[in-house]
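A single chain comes next, written as structure tokens; it is the form predicted on its own.
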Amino acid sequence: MKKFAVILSGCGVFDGAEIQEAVLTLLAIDKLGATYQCFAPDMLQYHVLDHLTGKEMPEKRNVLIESARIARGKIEPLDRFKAGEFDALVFPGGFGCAKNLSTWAYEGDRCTVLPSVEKAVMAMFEAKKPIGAMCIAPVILAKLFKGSNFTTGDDTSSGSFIRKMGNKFTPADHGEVVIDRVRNLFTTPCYMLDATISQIAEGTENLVREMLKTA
């Protein structure tokens, strides 16, 4: 049975992992006959937002503890990740990918990727195992690779960044998966497009299905 590592970035679309994308990714993995283990970095998140008003809140939260809400407590610190124990690695979206797992949201072209995230990605890449990213998460991969092919739907800001990093940007619609077969990288837009939850379910399932073909 194939096993996915799922890297979460908190809990909530604006400052962590996009909850619907994360849950539907876990559902897709289970539905398609694989298993999963969730991971998240044990660190303070960039900031905390009130998801009702969109305003910043005067408090601090931990990415691992917040991600545990989604994983029902079954989660490990990212520094315990071992590529040899998994067949695939996937990032659900949410702006935690651009604020906690990387600095893209506030540093743009000068952004960096969290060292533990880079270590996990490169270990899977070197083992020739599939790596998936949805929504805004492809900016992480775009920073780490050159000459690859990614999508964030039709978003011009992230699309421009992907190109500036030396990669190809391919527009994509609901449920479509852009595959870089040379590097075994898989991306799909999800909530980078206006979407219904059914369309998100389609995108996550298609991504997982394509990854399983090469896992």
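This is a predicted model, so every value here is computed, not measured. Each residue number is its position in the shown sequence, starting from 1.
What comes next is about the form predicted together with a further copy of the same chain, which is not displayed.
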Requested in this report: Tell me, please, which stretch of 59 to 67, 144 to 152, 157 to 165, 181 to 189 lies within 4.5 angstroms of a further copy of the same chain in the predicted bound form when heavy atoms are compared?
Outcome: 59 to 67
Query - a further copy of the same chain contact at A172 in the predicted bound form, heavy atom, 4.5 Å - result: no
**Report entry** Contact flag, G73 vs a further copy of the same chain in the predicted bound form, heavy atom cut 4.5 Å
**Finding:** yes
Query raised in the report: Does the 4.5 Å heavy atom contact test between Y46 and a further copy of the same chain in the predicted bound form come out positive?
Result: no
Report task. Considering only heavy atoms, tell me if Q20 and a further copy of the same chain come within 4.5 Å of each other in the predicted bound form. Result -> yes
Query - Partner contacts for 12 to 51, taking a further copy of the same chain in the predicted bound form and a 4.5 Å heavy atom cut-off - result: G12, V13, F14, D15, E18, I19, Q20, V23, L24, L26, L27, D30, K31, Y36, V48, L49, D50, H51
